[in-house]
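Heads up, the chain below is alone and in the form predicted on its own; it's given as C-alpha cells.
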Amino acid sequence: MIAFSHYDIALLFQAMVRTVELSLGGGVLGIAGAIILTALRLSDMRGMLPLRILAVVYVQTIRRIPFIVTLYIVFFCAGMMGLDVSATVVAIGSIGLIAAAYLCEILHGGVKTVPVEQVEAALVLNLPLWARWRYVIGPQAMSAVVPPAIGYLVLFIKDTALASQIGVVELSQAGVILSNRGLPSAQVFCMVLLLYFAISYPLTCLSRLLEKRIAVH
C-alpha cells in the first residue's frame, strides 16, 4: 500500500474540486437551458414556430453528437473568435450545451405525462399560467422528471473526464499524472474511483430522497 505525499493529496483534492466545478457548472447551465428549450417546444403561439423548430432541431442534433466532439467544437470556436477563456470555462460551457439537450428531452417527456384532462380542468377554472404550472403541471411532471434527470447528471459526472483532452486537470487526469510520476497505477486509480464515488453517491441519495417526497405528495 502506497503512502501519498502532500503534493499527491493536494493534486487529487484540487482535481476533485475541479470535477465538482465542471459537474455543478455544467449542470446548472444545462438545467437553465433545458427550461428555456422546453418552454419553446411547448409554446403554441404562432409567432414562436421558428424558435420551436430551432429548439427541436437543437435537441435532436446535440443528443447525437459525442461529448468529445462538442468539446472540441466549443474549444476551437472560442479560439477562432479570440475569446480569452480558460479550458475550464470551455468545458463547463460544453457540458451545459449537452446537458441542456438531454435534460430538455427528460423535462419535455415529463410534462407530456400529465393527463390532458388535468390541464383542461385548470383552464376551465381560469387559472393563470403560473398557477397551472405551480399547482397542476409541475407537481405531476416532477415524478417523471426527477429520477431520470438526477440519474443522467450522475452519469455525466464520469464524462467530465473527457475535459482532460483540452488541458483540464480533473480526477482522471490527476490519476494519469500521479501514475506517470511512478506511483503504482492500481492504487492511484483505486483512489480516483473512491473520489468519483464520493462525488456521485450523494446525488444518488438525493434522488432517492426526492422520489420519496414526491411519492408522499
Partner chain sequence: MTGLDFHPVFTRLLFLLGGVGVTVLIAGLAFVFGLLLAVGLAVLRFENQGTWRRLSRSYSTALTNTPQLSQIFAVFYCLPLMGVMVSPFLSVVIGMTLNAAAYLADILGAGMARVPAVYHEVALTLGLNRRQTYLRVILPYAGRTMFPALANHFQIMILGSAMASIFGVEDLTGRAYDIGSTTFRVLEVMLVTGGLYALLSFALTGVFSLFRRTMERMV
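Since we're looking at a predicted model, the values are computed, not measured. Numbering follows the first chain given and starts at 1.
What comes next is about the form predicted in complex with its partner chain, which is not displayed.
Mapping the unseen interface onto this chain, Ile68 counts among the residues with a heavy atom inside 4.5 Å of its partner chain in the model of the complex. At a distance threshold of 4.5 angstroms between non-hydrogen atoms, Ser164 is in contact with its partner chain in the model of the complex.
Of the heavy atoms in Leu153, none are within 4.5 Å of its partner chain in the model of the complex. In the model of the complex, at least one heavy atom of Cys77 sits within 4.5 Å of its partner chain. The candidate site formed by Ile73, Ser185 and Tyr201 is fully in contact with its partner chain in the model of the complex, as each residue has a non-hydrogen atom within 4.5 angstroms of it.
Looking at 30-51, no residue comes within 4.5 Å of its partner chain in the model of the complex, counting any heavy atom.
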